[in-house]
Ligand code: KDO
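The form predicted alone is given below as one chain in structure tokens.
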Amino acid sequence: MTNPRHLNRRALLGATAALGAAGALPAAFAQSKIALRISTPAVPDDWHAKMWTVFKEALDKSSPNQFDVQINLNASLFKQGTEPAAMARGNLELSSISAFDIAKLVPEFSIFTAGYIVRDPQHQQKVFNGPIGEDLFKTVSEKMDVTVLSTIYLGTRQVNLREARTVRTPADLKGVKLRMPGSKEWLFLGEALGATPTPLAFGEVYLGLKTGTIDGQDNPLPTVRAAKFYEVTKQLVLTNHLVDGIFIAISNKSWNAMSAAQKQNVRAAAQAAAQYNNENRIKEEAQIVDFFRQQGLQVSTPDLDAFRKAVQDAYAKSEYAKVWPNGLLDRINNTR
């Protein structure tokens, strides 16, 4: 006959084991989450930083307890420009990469670093969310080992002049010493705009405008406000010469390890982040024009068709266009 005391002891041990197993479940479950580390150079107040919180919240909602999204701002995890290689090696899951980053390994992508290729933020989304983007992103995946999930609007560059003048066509910028970033690609763009491109460090632009070392500079309007260039200039010419973008991308190693449902939710979260960024960035740029008018700047819009034709013709005859696939420029121009 079994001793009741032995039964009680076995029952107690069994109950303790069951409790232990139950207690271990949450920890094991947490460990099974897929880690998604994000590295970005964006500062906290930037829309390009805030969008990652939208990404995390959307993914937590659509895929509860499946992902551990870790947001690292200020290039605190990887230095700016090193993210594509880190993702290719599988050392990083997610980041935003630029057209310049992509063009280093996918030369045909350099078409998006040229002036007047993308007309506006809406055109940008139609190009990259359609057949052109599908074809190019497939090549990006093959050559860079990352998958592009969505396209982010970075801003539109405009011309900002020290003295007001009538600017309708590129010919009206003849002789204007226009500060551009120092690389040959940027200087070519300045020349194609009709100006005399003048390389100057960004930190020297304010003084250069004040003293007349340069006659103008180009940047997205939020940068013009942040750097207070409006204090030493009298005109904004809304040339819209470069609609810039970055791309949310994920390591193929991480992407290929996901289920179809997980991929769908991750892509949807990236698109939600893009929509949040794009809407707020466009709204900010529209409001900034009023700010500059209040500061006394003359705001003018030139003949954009004339500028676009002159710049695209200059690129068509250049070494840059030699790596662009035949017909790609026409396909982009015809995207409506």
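Because the structure is predicted, anything quoted here is derived from the model rather than measured. Rigid core here is just the name for the largest C-alpha set that superposes within 1.5 Å across the two forms. When you see a residue number, it is the position in the sequence shown, counting from 1.
Not on display, but discussed next: the form predicted together with the named molecule.
Think of it this way: in the predicted complex, the named molecule has a heavy atom of just one of Gln235, Thr198, Ser110, Asn219 within 4.5 Å, and the residue is Asn219. A single residue from the set Glu284, Asp46, Asp68, Asp303 has any heavy atom within 4.5 angstroms of the named molecule in the predicted complex; that residue is Asp46.
Shown here without its partner, the chain carries Trp186, Phe202 and Ile246, all of which come within 4.5 Å of the named molecule in the predicted complex through at least one heavy atom. Contact between Gly90 and the named molecule in the predicted complex is not found at the 4.5 Å heavy atom cutoff. Residue contact check for Gly130: none of its heavy atoms lie within 4.5 Å of the named molecule in the predicted complex. Heavy atoms of Ala42 reach within 4.5 Å of the named molecule in the predicted complex, making it an interface residue. The named molecule is not drawn, but in the predicted complex it has a heavy atom within 4.5 Å of Arg157.
Partner contacts here mean any heavy atom within 4.5 Å of the named molecule in the predicted complex, and among 33-41, 287-295, 303-311, 60-68 they occur only in 33-41.
Shown here without the named molecule, the chain has Arg179, Pro181, Trp186 in 173-191 lying with a heavy atom within 4.5 Å of that partner in the predicted complex. Core-superposed comparison between the shown form and the other one: the CA of Val106 stays below a 2 Å shift. For Leu92, a C-alpha deviation below 2 angstroms is recorded between the shown form and the other one after rigid-core alignment. With the core superposed, Pro131 shows a C-alpha displacement below 2 Å between the shown form and the other one.
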